[in-house]
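Given as C-alpha cells, the chain that follows is alone and in the form predicted on its own.
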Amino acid sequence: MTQATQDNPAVAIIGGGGTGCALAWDLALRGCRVSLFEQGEFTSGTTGRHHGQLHCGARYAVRDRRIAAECLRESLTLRRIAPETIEYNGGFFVAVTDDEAAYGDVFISACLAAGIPARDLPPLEARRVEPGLTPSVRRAVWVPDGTFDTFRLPLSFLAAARRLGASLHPFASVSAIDLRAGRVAGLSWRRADGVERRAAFDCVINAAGAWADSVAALAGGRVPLTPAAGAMLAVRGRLSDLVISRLAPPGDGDIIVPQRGLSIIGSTQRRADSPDGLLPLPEELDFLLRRADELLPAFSAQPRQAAWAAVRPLAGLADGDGRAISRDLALIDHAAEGAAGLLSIVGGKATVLRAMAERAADQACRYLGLSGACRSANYRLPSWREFYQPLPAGSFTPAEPGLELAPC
C-alpha cells in the first residue's frame, strides 16, 4: 500500500451476498473507501436462496457450543440493529419418535450450557400454541429462534454503507485481480453493458461464497471449500408462527420456517459440481414434502409456491456431501501465495453474517495499518427501503442497548 492512501485506503469487496453487504458497512465505518462488486443482483447467490431462519444456536449446541453461543449473540445483535427485517417469533424442536424424545435431554442440557434458553412444553400445550403440529408429537422444546428477510437485511447494510460513500456495483463481473510485486494493486471488472473498467485498490476481500475459489484463482490463490447443494420448497399459507425443527441431530428436511404468508421446508444436502444453474431434484422435493408432513401434516396439501436449490460454501474439503464439516468460517490470507492484500472468507452461517464481516474487516485493517474497533453493532441500520431512495441528509440513530430474551 502506498503512503498516499494509508489514511483512507481503497478496499474492494467481491460478492454481494450477506457477508459482502455487511463488510461494506463495517469497512465504511472504519474510514475505508469501499467498492462492492456482485456478478448478478445483490443477494442473488446463496444468500437470497436461504430459508431465512435466524438461528439462536440451538441446532448446533450439542456438536459445537462455541458456534451455538455465537449464533445467539448475533441473533440478538441483528434484532437490535435491524428490527424491521427480523421476526423474533421463537421456535419449537419437536420429537415424533421415542428416540427423538430421549435426545431432548441431551439437547436441552447443551443449549443451557451454551447460554441458550430452552424449556420443555407438554405436547398438549405445544399444540395449543401451534395447532398445526402433528398429534404424534412426543416432546416439544421451546428455543428463541426467529426469522429474517434474506433480501431486506443485506439491503439495510448496503443502505448504511452507501450513506458513508460506498460504491455499489451489481451486475459487475470481476475479470482480473492485479498484482504488483506480490501485492494487490487493483482489479478489473466487466459491466452488464460489456464495458471493461479497472481501478486501483489497496486490499481486496473475496466474499464470493460458492464462487470464492474461482475468484481467488484470478490472483493464483486457492480457497478450500466443499460445495454442498441443498433444495428447499415453499407452500402457500403460514402453517405455523414459530420455526418448527426436528428434535434430532442436524439432518435433511428438518426445519420448517414461516416467511410472511409462506411456509418453507429445508433443506437437503448433496455435493454439487458447480454453483451455477442449480435446480432441485424431483426426489428431493418428494422427500421434503414427506418430512414436512411428519411435523405439520397439512403441509403437502397446500399449493406450492416455489422450489429452488443453492450451494452452501462449506469451509474445508470433505468427501461425500460435507454434512460432517463444521459450520464455522474460514478466513484465508493469500500472502503466502504471492497475493498479499487478498483475503477470502467462506463458511459460517447466515445468522452470523455481521460477525463474519467483522473478522474479515479486522484482518484487512491490520494489513492496511488502520486502528479502531469494529462499530457495526453500535448503530441501528436504516430501512432497506432507503436503498432505493436518494441519499438522505442527517446521521444515524444509535442502536438501543441490549434486549433481553423473552419466552414465547
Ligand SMILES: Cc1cc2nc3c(=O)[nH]c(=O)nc-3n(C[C@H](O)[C@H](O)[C@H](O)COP(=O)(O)OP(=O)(O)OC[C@H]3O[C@@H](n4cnc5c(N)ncnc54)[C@H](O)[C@@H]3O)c2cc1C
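When you see a residue number, it is the position in the sequence shown, counting from 1. This structure is a prediction, so every number in the text was calculated from the model and none was measured.
What comes next is about the form predicted together with this ligand, which does not appear here.
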Completion exercise
Counting only non-hydrogen atoms, the one stretch of 51 to 59, 363 to 371, 376 to 384, 336 to 344 within 4.5 angstroms of this ligand in the predicted bound form is 51 to 59
Practice task
Tell me, out of Ala355, Ala28, Ile67, Ala350, which residue has a non-hydrogen atom within 4.5 angstroms of this ligand in the predicted bound form.
Solution key: Ala350
Fill in the blank from the handout: Exactly one of Ile81, Ala330, Leu72, Ala172 comes within 4.5 Å of this ligand in the predicted bound form through a heavy atom, and that residue is Ala172
Practice task
Would you please decide whether Pro9 lies within 4.5 angstroms of this ligand in the predicted bound form, comparing each non-hydrogen atom pair?
Solution key: no
Practice task
Indicate whether this ligand has at least one heavy atom within 4.5 Å of a heavy atom of Pro144 in the predicted bound form.
Solution key: no
Handout entry: Contact label in the predicted bound form: Gly209 to this ligand, heavy atom within 4.5 Å
Key = yes
Problem - Exercise: Arg139 in contact with this ligand in the predicted bound form, heavy atom 4.5 Å - result: no
Handout entry: Partner contacts in the predicted bound form for 358 to 373 (non-hydrogen atom within 4.5 angstroms of this ligand)
Key = none
